[in-house]
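This document opens with one chain alone, in structure tokens, the form predicted on its own.
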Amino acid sequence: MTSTTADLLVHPQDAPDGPWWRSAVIYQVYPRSFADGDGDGIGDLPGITSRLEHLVELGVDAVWLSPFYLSPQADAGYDVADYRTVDPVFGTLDDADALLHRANDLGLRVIVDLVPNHTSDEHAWFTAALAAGPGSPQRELYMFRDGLGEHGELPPNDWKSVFGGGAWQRVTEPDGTPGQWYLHLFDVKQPDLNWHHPRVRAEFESILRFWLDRGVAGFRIDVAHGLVKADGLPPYGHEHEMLQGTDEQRPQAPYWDQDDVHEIYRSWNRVVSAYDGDRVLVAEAWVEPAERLARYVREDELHQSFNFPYLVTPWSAGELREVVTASLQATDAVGAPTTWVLSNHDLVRHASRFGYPAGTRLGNGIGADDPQPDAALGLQRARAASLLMLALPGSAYLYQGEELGLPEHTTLPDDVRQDPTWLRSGHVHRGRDGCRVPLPWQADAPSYGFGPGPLSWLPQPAVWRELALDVQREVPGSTYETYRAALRLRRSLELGTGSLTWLTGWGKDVVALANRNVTVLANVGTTDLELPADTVVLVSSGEPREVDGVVIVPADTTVWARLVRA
């Protein structure tokens, strides 16, 4: 039984009539892997449009689309050559408009990705900069610098690329001689923009308006903490893993979380505030501590910021309570919601992460010759973690396929990998391809229903067949139906705008909380948890059983319940 004498209220109820995004569940679509409409093996906008009813049936409020802009696809579309048109691999601008109109008809809002830290090296601005030469106004739009050494043969500083190797690339000048260097914190084909330049700022405000005018509900901002670099580009030299958070053992990187970035977002806030419909700006910002991250979601800046400290928290009751408390307190202090997430297109899927012993440090991707996760345990814990996340107040993001319990493709052949991390790290870091494998819609169809034919830009593992949507639909207790039930209850019980109180008396290995009149219990330990006989279980990630009138919750299981005599 619980005791209320020392229960701790961490977060009060939110206003019931606030903007939609404060409590929304948003589904991330990775376009090339969601649905293929034309059979070329790569997902596209018509394919997405044809599957929007799935998102309505699932019960989400909005969809976020990863980049579909014109791009040479050196980094799967995060190298943008033109922000105002669609890459032919994904369709046309008319297809984008058709998707937006269909989503609107279905009651789904659409958020699109924006990549402001860098462009493609095939963007018109960058090709003009190369042609114009040193000292030109065109080069001022990027981070061009003279090299060090007697003949400029050394890079301007010791910064490293997130994808591996150095962060500077030397160019050949128009006269054919070796010349200046440009900064690329990511791939060599992704030159960083100079966000101190007013033309860069004006251009992106124009891009915002272009898509807002077409009806998008907002923007997810790629590398939101990286736009501004420290004055003088001071040396740093430390290596960075892909999207690594702040490391207390090393100094703050001079290209992450610089104070001047906040003025950019205040100006963007003014742009979106001029449109109706509560448009939203979402930060991908790997920033710690929580108080520092909360600065991005102050009232006059962005609206949401992914909670990456929560995402990387191991399956540990104490650590989960700690990160949830710190997150809610930090965002409450600035009047913003906390934005929960467990998987995305850059990280090992949580159905595989949780299949390793708690605290295991995974690299960037898993290969066939790496230690393999316990698939059954990983899925059991992933379902429990997802049910816990969806019970928390605030907003939540789902990554495509997690509602099917998809694991990482941990045996993906190395010779099909396309992530630049794999190439630039000298085949040390496997990269992100394993979480980007195209979805299975139909067990017995070619490409498991991903497209009309057998083609799939990454091979799908055999286990996809038993996890396909049509195998799980209307099957009680399947991962898909568990997600549907949880999302339906979350909406009807208004948990997204609810409160959070930690409940005592359940033991150190149980995450126990109350949100409105729902008791949420995540059994993170190794032994069964007993509930009072008159407990009403609303939804469970596993299979609680009743023994002599007592409800038994097994290990690695989360339940939402009403305790009649709590």
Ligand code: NOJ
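Everything numeric here is computed off the predicted structure, so don't read it as measured data. The numbering used is simple: start at 1 and walk along the sequence shown.
There is also a form predicted together with the ligand; it is not shown, and the following applies to it.
Participant: Consider the chain as shown here, without its partner, and state which of R436, R490, H303, R109 has a heavy atom within 4.5 Å of the ligand in the predicted complex.
Facilitator: So the residue touching the ligand in the predicted complex, by this definition, is R436.
Participant: Give me the residue from L469, L311, V223, V261 that has a heavy atom within 4.5 Å of the ligand in the predicted complex.
Facilitator: Selected residue: V223.
Participant: Does the trio D75, Q190 and H345 actually contact the ligand in the predicted complex, every residue with a heavy atom within 4.5 Å?
Facilitator: Yes, all three are in contact.
Participant: Indicate whether E284 is a 4.5 Å heavy atom neighbour of the ligand in the predicted complex.
Facilitator: The answer is yes: E284 has a heavy atom within 4.5 Å of the ligand.
Participant: How about Y397: is it within 4.5 Å of the ligand in the predicted complex, going by heavy atoms?
Facilitator: Judged by the heavy-atom cut-off of 4.5 Å, Y397 is well away from the ligand in the predicted complex.
Participant: Evaluate Y448 for contact with the ligand in the predicted complex, applying a 4.5 angstroms cut-off between non-hydrogen atoms, and reply yes or no.
Facilitator: Y448: no contact with the ligand in the predicted complex.
Participant: Residue-level question: is F186 within 4.5 Å of the ligand in the predicted complex, judged on heavy atoms?
Facilitator: The answer is yes: F186 has a heavy atom within 4.5 Å of the ligand.
Participant: Can you tell me which of 215-223, 192-200, 469-477, 404-412 lies within 4.5 Å of the ligand in the predicted complex, counting heavy atoms only?
Facilitator: It is the stretch 215-223.
Participant: Just to make sure I understand: among 151-176, which residues lie within 4.5 Å of the ligand in the predicted complex, judging by heavy atoms?
Facilitator: The one in contact is F163.
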